[in-house]
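As a starting point, one isolated chain is supplied in structure tokens, in the form predicted on its own.
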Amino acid sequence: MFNRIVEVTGLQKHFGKYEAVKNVSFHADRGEIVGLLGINGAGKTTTIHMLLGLTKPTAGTVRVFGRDIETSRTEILSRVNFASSYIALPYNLKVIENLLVFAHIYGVKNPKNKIEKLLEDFEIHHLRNATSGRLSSGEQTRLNLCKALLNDPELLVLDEPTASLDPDLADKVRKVLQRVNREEGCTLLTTSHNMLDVTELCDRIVFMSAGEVVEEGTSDQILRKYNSDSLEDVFISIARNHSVDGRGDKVASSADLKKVKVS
């Protein structure tokens, strides 16, 4: 069994003269939950698009399950799924209809049983016959998560999985994802601006800034390295300085950082 599920090496993406991603390398091993962090524009989404084969890299390689995404994309994606809080499923279909369509695309056996369980897990069973376009943003987020788990993916890629959710529902979603990771061995790669997601879910963190990886490690390792007691403070420091110097100096508190004028 291949243990290194994702291996990104020297990844670059240029849009004309703009370098969106610059020499990015990281990995995710089987059963890990890896957080890809950074402000908007840090290069996270472009990196994910290249990892899923939606965008071709300017340079570098992406290997998933030991295979190159460019040459084995169909085979790889049959074992992967993706959910984003910012992508809506077809508005004109009912919740149950959307999930049945995707279950058919994914070749899910006994799709009705699988769908009913997922609707219960994400607490939207009562909306099964609602038109998807009439759901709230939080309900659409959970519908997307149901869709993403239909095929029991070995790799689940998530973009802001708790966006638009209140604290109670966000906690319930994290618990479902932890259970899927623990019981099914699913590897997760997730982006988030919610530091509670990061501290509760992620085994390792990859910080990106201005298209580059600027820090990587467990939450504890990063907090110790920067002599901080808050990942949010480290995140803000990286966002405002656009880099980290690795000297282990104590980062400013979030209260202090919020007083700094952002240029």
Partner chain sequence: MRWNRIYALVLKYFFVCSRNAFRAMDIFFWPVMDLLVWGFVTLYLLKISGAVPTMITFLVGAVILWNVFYRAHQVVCLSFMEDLWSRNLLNIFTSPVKVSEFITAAYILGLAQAVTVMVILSAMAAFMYQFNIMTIGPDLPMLFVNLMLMGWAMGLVATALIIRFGPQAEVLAWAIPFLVQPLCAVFYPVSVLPAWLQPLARCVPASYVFEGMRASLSGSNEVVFNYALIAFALNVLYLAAAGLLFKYMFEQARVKGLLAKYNA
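Numbering follows the first chain given and starts at 1. Since the model is a prediction, treat every value here as computed from it, not as a measurement.
Beyond the structure shown, there is the form predicted together with its partner chain, which is absent from this document and is the topic of what follows.
Trainee: Tell me, out of A163, L169, V101, V180, which residue has a non-hydrogen atom within 4.5 angstroms of its partner chain in the predicted bound form.
Mentor: Of the listed residues, the single hit is V101.
Trainee: Which one, R174, R73, K114, R128, lies within 4.5 Å of its partner chain in the predicted bound form by heavy atoms?
Mentor: Contact with its partner chain in the predicted bound form is made by R73 alone.
Trainee: Using heavy atoms only and a 4.5 Å cut-off, decide whether all three of K13, H49 and G107 touch its partner chain in the predicted bound form.
Mentor: Every listed residue reaches its partner chain in the predicted bound form, so yes.
Trainee: In the predicted bound form, which of 192 to 200, 24 to 32, 55 to 63, 225 to 233 comes within 4.5 Å of its partner chain (heavy atoms)?
Mentor: Selected range: 55 to 63.
Trainee: Using a 4.5 angstroms cut-off on non-hydrogen atoms, would G133 count as touching its partner chain in the predicted bound form?
Mentor: No - in the predicted bound form, heavy atoms of G133 and its partner chain never come within 4.5 Å of each other.
Trainee: Does any heavy atom of N92 come within 4.5 Å of a heavy atom of its partner chain in the predicted bound form?
Mentor: The answer is yes: N92 has a heavy atom within 4.5 Å of its partner chain.
Trainee: Any of the heavy atoms of E97 lying within 4.5 Å of its partner chain in the predicted bound form?
Mentor: Taking the distances in the predicted bound form, the answer for E97 is yes, it comes within 4.5 Å of its partner chain.
Trainee: Would you classify S137 as touching its partner chain in the predicted bound form, given a 4.5 Å non-hydrogen atom cut-off?
Mentor: Taking the distances in the predicted bound form, the answer for S137 is no, it never comes within 4.5 Å of its partner chain.
Trainee: Taking its partner chain in the predicted bound form, which residues along 67 to 90 bring a heavy atom to within 4.5 Å of it?
Mentor: Sequence-ordered list: E70, R73, T74, L77, S78, F82, Y86, I87, A88, L89, P90.
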